[in-house]
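As a starting point, one isolated chain is supplied in structure tokens, in the form predicted on its own.
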Amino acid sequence: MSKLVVVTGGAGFIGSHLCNRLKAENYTVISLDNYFTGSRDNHISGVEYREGHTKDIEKHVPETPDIIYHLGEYSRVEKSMEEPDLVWDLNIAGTFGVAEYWRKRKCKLVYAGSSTKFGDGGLSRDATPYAWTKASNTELVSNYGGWYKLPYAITYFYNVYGPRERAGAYGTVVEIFRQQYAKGGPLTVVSPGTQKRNFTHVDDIVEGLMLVGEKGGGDDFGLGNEREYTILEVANMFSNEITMLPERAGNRLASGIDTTKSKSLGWSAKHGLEEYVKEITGK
């Protein structure tokens, strides 16, 4: 029989790509998504989709999976400053529900942590409700693993881009730039523009998640392309017409990346941002 995998956030950007890969490798896949940012347009044939909050995972997914990929959380940095109650509900209440489900099922959990934990020399982990809840959840997962002798692995994503990215209030920068470029208007860059990021293609993230799910254990599986770009450099890949926006609270200036443990599993980033943008612009 094929292994049963539960993907929280399976209708989202990264989750849908993971579901697609899992189905291609003949896993039985259940997605649990509340469709806050997920979309039914992202549904993958053969995946079973259930709508609901992760704090109610016990009710929505009574089965016992072999592995849980927990990707279904609130995931915007600066925007989280405006709605801490929502962040708490999705990231604290929701993830506690997943942790309790995991404790009772005694399967493996792969948790998608946030690289904001390491930004600005570690200072950014407390800079926003999003960063703090995500960092706290890595400790929750690690402690549950130790307290209850449960198998787990914690990954950290670095600015993921690729097909099915979102724009808008909960969007990611590469897709925002892509849509602004397509409309022929100026690209909007949050000041100072010198903030640095590691941009990682979603296919590389999924490859890492599969490897970590199969043979990773413990914390610190960084999944990110080690090539760094400033936001202005990325904008200039699309266009020289740029409008600067005011600075935003919680906007970290630097990432902190360590892919040592992921590389020990045989993982490496294969895709580059410049090639992706060239395919869009034809430049």
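Every value quoted in this text rests on a predicted model; they were computed, and no experiment measured them. We number the residues from 1 along the sequence you see.
Keep in mind that the form predicted together with a small molecule is missing from the display, and what follows is about it.
Shown alone here, Ile176 lies within 4.5 Å of the small molecule in the predicted bound form, counting heavy atoms only.
Contact between Arg105 and the small molecule in the predicted bound form is not found at the 4.5 Å heavy atom cutoff.
In the predicted bound form, Ile57 stays away from the small molecule, with no heavy atom inside 4.5 Å. Heavy atoms of Ile231 reach within 4.5 Å of the small molecule in the predicted bound form, making it an interface residue. Taking Val110, Leu90, Val189, Ala131 one by one, only a single residue has any non-hydrogen atom within 4.5 Å of the small molecule in the predicted bound form, and it is Val189. Taking a 4.5 Å heavy atom cutoff to the small molecule in the predicted bound form, the contact residue among Ile154, Ala99, Val206, Val77 is Val77. None of 117-125, 192-200, 206-214, 136-144 except one has non-hydrogen atoms within 4.5 angstroms of the small molecule in the predicted bound form; the exception is 192-200.
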